[in-house]
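The form predicted on its own is given below as one chain in structure tokens.
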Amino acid sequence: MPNVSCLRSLLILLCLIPATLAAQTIQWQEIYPGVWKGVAGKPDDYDLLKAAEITPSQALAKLSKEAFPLNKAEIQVQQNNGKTYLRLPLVKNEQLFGFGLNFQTVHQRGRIMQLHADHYGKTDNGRTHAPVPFYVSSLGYGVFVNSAKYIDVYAGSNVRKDSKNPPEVMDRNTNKSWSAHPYSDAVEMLIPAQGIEIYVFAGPKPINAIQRFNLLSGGGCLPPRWGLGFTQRVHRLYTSEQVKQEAKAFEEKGFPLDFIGLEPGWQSKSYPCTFEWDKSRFPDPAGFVKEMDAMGVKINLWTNPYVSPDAAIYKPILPFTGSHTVWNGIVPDLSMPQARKILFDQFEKEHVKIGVSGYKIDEVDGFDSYLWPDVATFPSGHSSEQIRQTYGLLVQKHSFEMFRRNNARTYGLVRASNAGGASFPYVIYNDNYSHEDFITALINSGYAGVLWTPEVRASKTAEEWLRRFQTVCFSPMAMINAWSSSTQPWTFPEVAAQVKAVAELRMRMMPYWYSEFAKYHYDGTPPFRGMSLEEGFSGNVIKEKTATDLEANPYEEALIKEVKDQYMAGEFLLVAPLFTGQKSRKVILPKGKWFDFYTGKLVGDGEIITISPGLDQIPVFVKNGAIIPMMPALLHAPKAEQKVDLEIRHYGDQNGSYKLYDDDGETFAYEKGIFSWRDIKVEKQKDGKLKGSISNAEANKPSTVGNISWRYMTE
């Protein structure tokens, strides 16, 4: 007979041995050209794409066929203790971008994060407003993990002992090249689920992988034209009369304004919210909204979704709320149709039906001491973690659908988003006020499938006010958010003229901005994006165009470092903002000739240039052959069917082409095919002169182009 004590000892030893990782087979399927879906184990029933309820864009099916961009055998999935480990290969010459909306870093290789919906706490650790589990490689592919859980990411930061490409072993005592962070050949993730759904996107270039990711999310949003004009947010306790006076002041001073944002005081109670008008400040809401609309100014309402006990919907929605409160308000489980119907029926009846144009949806991102804890429960059965990761998606999705039902486009603000949210017409904002961080976030938004806006709040000096103002004019939303200090565009008289000039420039450029957002919608190309996505940015530069030592700043060195203070705005524009106190700066120009936006003069050809532009203008540079359509500087965005004259600018000495987009700018008729693209061309004639042409408007399609003039900026 076996020795019982020996068997017992053996069993104890077996129990002490860590559970081995169980390898999982990934079942791959090419669901669209260049887009593969892989499933391993048993993924959660609720994920990011299910929360967003998106319909992938039809444009995906028309994309080019591409080979799978990675070695499938090197993509490994293993399970242990109810968690899934994912490993994807890296090679030495690739950089990583993405992993959500980061504010201080653009290069993500070597970093460790937990992707967790939260406010931005001044550290890029994965806790952010949009913790999108998507990254794109400089080698031209993208990866998305479709999970609504907190994901631990090791983005090429750790080394396995069985690595096929291990780093060189160095002796710190004798080798000056020793590093505390040795080379790693993999991205590794830990997902607290029993399986995963993973998507791989081919390029061949990084921008193509991002396009495919955005199109899988339904394509980018298409704002109404008025959404690309100016917005001013007024003091939280303003009355309807004070709001009217604010709008009149803008008009009297000739300053553009398209929508005004009302802060919490429009509601009878906020923190938590009733979603009902305060009748002492707004005695006739419908009349007020109608009167503002007649002035050409729409109304946007601040809110958060936490329901006050004094709200009319409190009792009906109570059974469909979570176990914990936020500021003593109950939390609707918006993953449940019952909760969504009660909340958004209230919004529709009280706000949208009287003409309110949109929302600023606050406090859905995080800060743990504000939001529900991870021990909270929700009646849907989804975990607190999953609701936290998707709440921004849910408020965007279902408020957007409310506007779609009313055939009125919206454009608003939100504090949180995630993968699947690209098609929702919301721009992320936060309480941070670092100008430099604003620009880094604007760059990273293009890698994450979201929109982010810088904003103008209180400023200590006229210089700071103007520098911040210049930035918002080259961003997704031109927002003045100085409601707390009641600062207005003309508050600093010494720069009032420059502020007005850049605001007018924003309005003049509306045909360009609108066409670039149309490309975001139909093609998935982010309208604002980092330099690494620009063709020719990684090429060599012969020399640096500066009077200083050329050896001090070789182009290769610039490429090694993160470039987070310049970005592309649409197809043709390179924006290089200056921050308060800066008198000069360096700008890295991609290959090819680049021209000054304001003068049309040549500034460089694939060089690093040093500029000292003065205070009046934000530096903007234009590609050779670029075409920029512009209109008069109106006080309000053009209405549906309103014809506007165009000045079409051409830069450089090359032929150029551009697609100008047109629709009614206000409704969802474009979803039924009621839109048009017009081809603009500039071609060099036999005599060497440039000549422009524009294709005819299509029959029975929108045509808002009036008279056309041509301006050849580099002649």
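Residues carry their position along the shown sequence, with the first being 1. Quick caveat: nothing in here was measured; it's all calculated off a predicted structure.
Below: the form predicted in complex with ligand GAL, not depicted.
By the criterion of a heavy atom within 4.5 Å, residue 397 is excluded from the residues contacting ligand GAL in the predicted complex. With a 4.5 Å cutoff on heavy atoms, residue 264 counts as touching ligand GAL in the predicted complex. Remark: residue 483 counts among the residues lining ligand GAL in the predicted complex, judged by a heavy atom distance of 4.5 Å or less. Although the partner is absent here, residue 360 is a contact residue: one of its heavy atoms lies within 4.5 angstroms of ligand GAL in the predicted complex. With ligand GAL left out of view, the stretch that reaches within 4.5 Å of it through heavy atoms in the predicted complex is, among 439-447, 385-393, 424-432, 166-174, 424-432. Of the residues 302, 595, 465, 277, just one reaches ligand GAL in the predicted complex with a heavy atom at 4.5 Å or closer; this is 302. Site annotation in the predicted complex: the residue of 623, 340, 415, 636 reaching within 4.5 Å of ligand GAL with a heavy atom is 415. Residues of 268-298 placing a heavy atom within 4.5 Å of ligand GAL in the predicted complex: 271 alone.
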